[in-house]
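Two forms, one protein chain; structure tokens for each follow separately as structure 1 and structure 2.
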Structure 1
């Protein structure tokens, strides 16, 4: 039997994650049946579960993939940029659906919560590190602890996710994100 290249395996894994993201967003965790996952990915159950032990592992990998991408954006541009990207991207709805499903599972499934806790710290740490770098550069207010600012920005993100989940308008949220961003920046003296 010929060996499959790592590039091929990586591409197949990304194909599965992309299809699963759409499926979980559209149907939720419970509604994302194996048949629907097969349709969304264009692959057989054997191909899907060759890469992921079970549906929960697939969902966890998807959530982890999203968290890694968010952490990368946070490290370069900050958590407010993640929020701006969520508003700007056409595939934000798929990300939003996955994020909402993640929140539901965290609230209702203690075993999943424990598995996710090990992985979710990366985003919080990326936010904290970005804020520390901004403080060292003199761009961040220094009257509030970085841990408090990290929690504040994470809560704003969760609020934005809830806002979008309720189907409320998103057209006028850029000025709100400008306000959030300015609220963590160091005040500049005006002459």
Structure 2
């Protein structure tokens, strides 16, 4: 396959992903019909489903993109920074909301849950690695297992996603994230 063709395919894929993200954010997962996905991407259903097996695969590809981007931030600055970024932009609330709407599906469809878990595993692993490095550097509290600290930070992230997706007031959450951050650090480092 000539090179230009591969570039073209990649660009097309990106075009589909960004259109679909806007579409899911606006209409929710169920509301994002094939027709609306065509409108949002400017492409035919044939073109869209040439790149993605089905709507579910398209949605999961977006979730995977998120996990990639968040994992990059985690590696450099930690999971609390991911939360601070979410709090600062807020404009992701519509998209985050469409993820929440899938909670029933996640709970009741084991295959979908497995595909989703595969993607979120990347973020868990990045968080774990970051915490291990922080412990090595003496910045982390050492009385609690890194696995527990990882689950703790992820639980707070889930709370923040839910909070923002519900459009609840978020102006007072900055000091809450400070508390979360300090509760995984060495006591001496925060004193």
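Fair warning: this is a prediction, and the values are worked out from it, not measured in the lab. Residue numbers count along the first chain shown, from 1. Whichever C-alpha set is largest while still superposing within 1.5 Å between the two forms counts as the rigid core.
* To do: With both forms of the chain shown on their own, indicate which is the form predicted alone.
  => Answer 1, the form predicted alone.
* Quick one: once the rigid core is lined up, does residue 104 have its C-alpha move by 2 Å or more between structures 1 and 2? -> It does shift by 2 Å or more.
* Cα of residue 48 displaced 2 Å or more between structures 1 and 2, core superposed? -> Yes, the C-alpha position differs by at least 2 Å between structures 1 and 2.
* Taking the rigid core as the superposition reference, indicate whether the CA of residue 10 shifts 2 angstroms or more between structures 1 and 2. => The answer is yes, as the C-alpha of residue 10 shifts between structures 1 and 2 by 2 Å or more after core alignment.
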